[in-house]
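A lone chain, given as structure tokens: the form predicted alone.
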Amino acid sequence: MSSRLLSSLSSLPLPPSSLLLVLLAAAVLVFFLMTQRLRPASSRPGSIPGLPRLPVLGSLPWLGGGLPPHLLFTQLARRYGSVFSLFLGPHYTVVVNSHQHAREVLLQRGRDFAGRPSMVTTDLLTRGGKDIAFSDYTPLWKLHRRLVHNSFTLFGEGTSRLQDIVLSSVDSLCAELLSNGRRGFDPCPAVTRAVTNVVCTLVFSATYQPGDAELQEVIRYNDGIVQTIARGGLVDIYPWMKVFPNRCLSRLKDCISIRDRLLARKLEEHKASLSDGDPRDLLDALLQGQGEETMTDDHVLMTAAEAFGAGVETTSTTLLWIVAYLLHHPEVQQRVQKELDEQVGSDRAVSVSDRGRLPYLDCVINEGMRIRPVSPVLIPHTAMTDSSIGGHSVSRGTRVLVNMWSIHHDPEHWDKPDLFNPDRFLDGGGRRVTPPCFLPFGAGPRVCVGESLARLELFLFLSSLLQRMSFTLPRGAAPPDLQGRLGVVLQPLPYKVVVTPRAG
């Protein structure tokens, strides 16, 4: 390192006196770095062992190699233990890789670790944390979350509203998929449009046709946010870097601006037509429950915006992963369809009430969320108070990353974890079981507020599609690549399918 630094400095066109000063400074810097570089992440008594660190850079030089974070952390856990520490620049961070420690962080000491760090990209995305997912843990956040949860119950289990919305979107999706005939095609755009349509209907009662300009605008800005926020890592580690030109940050701001203009227009339309009757959608429910002076229009807008960010990308990605795995395992698809034929038939649409009679289909969804969690590393937590993890002391302000990938692929708790096997969620009597190490939506105070909605949506989409059609590979095509690419979520690489209508 020292020779490379010195040789590059000696080639600069500087006067001899300046060059001497620079070389001297470089030599001092190299000496300082060499003496500091093997300093552990934390050396306090009772602290968590972890990676070495350097001044300013922290442990970043030890986090290279090109692996995505969830795989890198899994690899590092083999060396440092299931709980280890590192410095992301100046930020002391603890990484949790086992379900016992994850449950400790999320459930047993959930309030201790319920905070969120302030980051440049997420502050831009949420107007300074006026949403649910990225907002810090405060009395206002708890009030806001309760309001959102109560609003979501309008569409939850026991009501037909979500079912009607999803089944309407399913009809359009099936027609679009089947219109391709025997030709191989990428199912991603059609699935994304269908899921986006569901969210648009839930949030502001808009239903679009596939080519509608406003729907395309929603998909475009949502995709732009997803693509750019994933590249904002460095500015989130070093916030001062936002003063420098940053193409990704500029594009993120543009997409957020388009999003906010559209949602602000919808909000004003809802205010003008709001009544005391039953809310038509999420915006109505939020406006009716706004009551508290501290619950501003920004909170309402950011909640609506988050429904798109969380609701579209996660659901559509999970569906696309499951279809990819069904192409690898046609016997699983056939077994689901046999269960559907026996329990539902082909004369009527699948309904939420059928869920109890379709245990294997539910297990396929669970296995999809286990083997390819859309959020391989959960949104960072921060310690609200001095606490501990696994007997190690953790001081207030520490960032905590829960590596869901490692938890869902731990061979101590999952037999052959890299194998797609829905039967792992059934007991010997064919009844559903949920292992304690299965945490696709997190747990505790920060559990995903939309979990019940997401589960119902996944069930209705997948059951309806497999009731009506079969997915196969185009002739001569290789099965989908299952490695995926990591952005905001872990997405499958593009693949092609052939859709065939089922008799009935």
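Given the structure is predicted, the values throughout are model-derived calculations rather than measurements. All residue numbers are counted from 1 along the displayed sequence.
Beyond what is shown, the protein has a form predicted in complex with (3beta)-3-hydroxypregn-5-EN-20-one; the following relates to that form.
At a distance of at most 4.5 angstroms from (3beta)-3-hydroxypregn-5-EN-20-one in the predicted bound form, all three residues F134, N222 and G309 contribute at least one non-hydrogen atom.
In plain terms, the part of the chain that comes close to (3beta)-3-hydroxypregn-5-EN-20-one in the predicted bound form, with a heavy atom within 4.5 Å, is 312-320 out of 263-271, 312-320, 73-81, 197-205.
This chain is drawn without (3beta)-3-hydroxypregn-5-EN-20-one; in the predicted bound form, the residue among A190, C363, V226, A349 with a heavy atom within 4.5 Å of it is V226. A heavy atom within 4.5 Å of (3beta)-3-hydroxypregn-5-EN-20-one in the predicted bound form is found for exactly one of L125, V400, V394, V300: L125. Under a 4.5 angstroms non-hydrogen atom cutoff, (3beta)-3-hydroxypregn-5-EN-20-one in the predicted bound form lacks L482 among its neighbouring residues. Contact check for C248: no non-hydrogen atom falls within 4.5 Å of (3beta)-3-hydroxypregn-5-EN-20-one in the predicted bound form.
Within 4.5 Å of some heavy atom of (3beta)-3-hydroxypregn-5-EN-20-one in the predicted bound form lies at least one heavy atom of S375. Though the partner is left out of this view, V235 does not reach within 4.5 Å of (3beta)-3-hydroxypregn-5-EN-20-one in the predicted bound form, counting heavy atoms only. Counting a residue when any of its non-hydrogen atoms is within 4.5 Å of (3beta)-3-hydroxypregn-5-EN-20-one in the predicted bound form, the hits in 479-500 run V488, V489.
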